[in-house]
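Just the one chain here, the form predicted alone, laid out as structure tokens.
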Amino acid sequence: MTVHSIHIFNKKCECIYFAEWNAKADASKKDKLEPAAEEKDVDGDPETAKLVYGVVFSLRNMANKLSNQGFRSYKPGTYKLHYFESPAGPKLVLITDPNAPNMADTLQSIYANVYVEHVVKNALVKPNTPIRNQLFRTTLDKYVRSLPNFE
């Protein structure tokens, strides 16, 4: 399974964190302690973030109208988009290859064990602002790389 990227959106629908993994480019960096995820800006490309959130928003609303189970993932053919929304508001979107299994538990674990521990409980991080916490970035990168079959 290949993990392509993760977006984290706040309550105001703003992208507060973006990381992208490129297995071929990262092969030489995998033994380093610093995060090897490609971190462009904190929020990545603003247009891409808007498109990702637009897709999530539309699909979530459509899924809520059609059933009471909600929206968890979407697979158009070339990728699979996994979605998790916490009760507190942050929304996590993980983009993987189309053959990836359901990543709902993974996203919930990222939220509970990485986001809450390094962002919510950190008094130096202002709520709903871009995440610049290096410990968060490193922990998230290590967690994603430790997933089964990460390529």
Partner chain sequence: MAETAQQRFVCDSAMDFLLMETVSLMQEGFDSIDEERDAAYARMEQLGHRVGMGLAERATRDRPRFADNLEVVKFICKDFWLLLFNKQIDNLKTNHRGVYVLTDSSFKWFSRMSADVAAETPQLALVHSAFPCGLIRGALSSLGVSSSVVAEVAAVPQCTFQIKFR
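Positions refer to the first chain, counted from 1. None of these values were measured; they are calculated from a predicted model.
Unshown form predicted in complex with its partner chain; subsequent notes refer to it.
Query - residue 85 within 4.5 Å of its partner chain in the model of the complex, heavy atoms - result: No, residue 85 sits far enough from its partner chain in the model of the complex that none of its heavy atoms falls within 4.5 Å.
Query raised in the report: Wondering, does residue 121 line up within 4.5 Å of its partner chain in the model of the complex on heavy atoms?
Result: Judged by the heavy-atom cut-off of 4.5 Å, residue 121 is in contact with its partner chain in the model of the complex.
Requested in this report: Consider residue 22 of the chain shown here, and say whether it contacts its partner chain in the model of the complex, taking contact as heavy atoms within 4.5 Å.
Outcome: Outside the cut-off, so no.
Query raised in the report: Within a 4.5 Å heavy atom cut-off, is residue 133 in contact with its partner chain in the model of the complex?
Result: Residue-level check for residue 133: yes, a contact with its partner chain.
Report task. Spot the stretch among 64 to 72, 50 to 58, 113 to 121, 98 to 106 with residues whose non-hydrogen atoms come within 4.5 Å of its partner chain in the model of the complex. Result -> Result for this chain: 113 to 121.
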